[in-house]
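So this first bit is one chain, no partners, the form predicted alone, shown in C-alpha cells.
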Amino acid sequence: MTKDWHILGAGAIGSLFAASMHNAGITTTLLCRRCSKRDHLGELCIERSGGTDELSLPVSFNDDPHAISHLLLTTKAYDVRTALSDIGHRLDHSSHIVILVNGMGFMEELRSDFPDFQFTAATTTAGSYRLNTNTETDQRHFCHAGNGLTRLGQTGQQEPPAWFSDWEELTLPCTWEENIEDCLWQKLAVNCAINPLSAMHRCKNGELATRPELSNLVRQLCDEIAQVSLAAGFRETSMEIHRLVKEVIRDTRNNRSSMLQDTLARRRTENDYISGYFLKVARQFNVETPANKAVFESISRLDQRGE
C-alpha cells in the first residue's frame, strides 16, 4: 500500500472515498482551495445503514508547495481543468492521478493540458448524497446510499499498477478494467437517459418508470442511445441500454439524480459533458438524435437561467 492519497473535490463521492481510504489505514488528505484558519482538519460525517462514521482528516491548501504522489479528483466535470491547474505545481510525471468524474470529454482536455501526467479514468455506481445543505458548516455530512461498483483503468494497460492495491483494501468494491472506455461510455449512456429527464421534471428516478409520459421519453432516448452506441463501436451498450436503464431506475427509484440536485440548488449542471458529449459523438457518426437534443437544450436553458 502507498498509504498516501490526496482528495480534490470533497463532495458526496469524494468524501465517501476519503472516509473509506482513511478506514483502510491509508493516510488521506483533503485538498482545499480556500480554507479558513479553523480548517486544519476536515470534518466528515458519513451515515450508512448500520452506523455513522465521524472523521477528522488533515487538510492541505492547494497552493502548498509539497508534492502530491497519489491524487483522487472528484470535482464537477466543468471544474476538472481548473482544479488540476490549481495544484499543477504539486504534480509531475511520477504522480498518479485518478479522475472519478461524471460525463466524458474532459480526459482529452487534460491529456492535452498535461501531456506528461499519468491519468487513470474511473467510474462508479456507489451512491452518496449530501444531508446538510449549509455550506458554511464545519462538517461535511453525507449519506452513503450504496456501495455499487467502482471501475478503474488506463487505455492500453491490462494489468493494474502497484498503487491499485490501496483500492483493493477499500470497503467499496473496486475492479481494474482492461477496456475502461466501454465502462465510461456505458455510464454516460445511462446518465443521458435518466439525469436530464429527472432534472427537467423535478422527479425522483423511480417516476421515470411509473409515469407513462416519462417512461415513453426514456424509451425514445434509449432508442437513440442504442443507435449512437452501435455506430461508435460500443456494441454491448447498444444491445443492453434499455435493460440497463430500467435496472438503474428500479434500483435508484428513491434517489434524486446529481443533475436534479444541481438544478434544485441552482448550480450549473454537467449537461455539456453528459448529453452534450453524447450529441458530439452522434454528429461524428451522422446519427440523428432529436430526443436527446431536445433534453440537452432544455437543461441548457435551465443552466442559463440558474433554475
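Small disclaimer: the values here were computed from a predicted structure and weren't measured. Start at 1 and count along the sequence shown; that's the residue number.
Below, we turn to the form predicted together with a small molecule, even though it does not appear here.
The three residues Lys187, Thr252 and Ser257 all sit with a heavy atom within 4.5 Å of the small molecule in the predicted complex.
Mapping the unseen interface onto this chain, Val281 falls outside it, with no heavy atom inside 4.5 Å of the small molecule in the predicted complex. Mapping the unseen interface onto this chain, Asn102 counts among the residues with a heavy atom inside 4.5 Å of the small molecule in the predicted complex.
In the predicted complex, the small molecule lies within 4.5 Å of some heavy atom of Asn205. The closest heavy atom approach of Ile194 to the small molecule in the predicted complex falls within 4.5 Å. Though the small molecule is absent from this view, in the predicted complex it lies within 4.5 Å of a heavy atom of just one residue from Val248, Ile46, Ile68, Leu57, which is Val248.
Of the candidate stretches 24-32, 57-65, 234-242, 257-265, only 257-265 has residues whose heavy atoms lie within 4.5 Å of the small molecule in the predicted complex.
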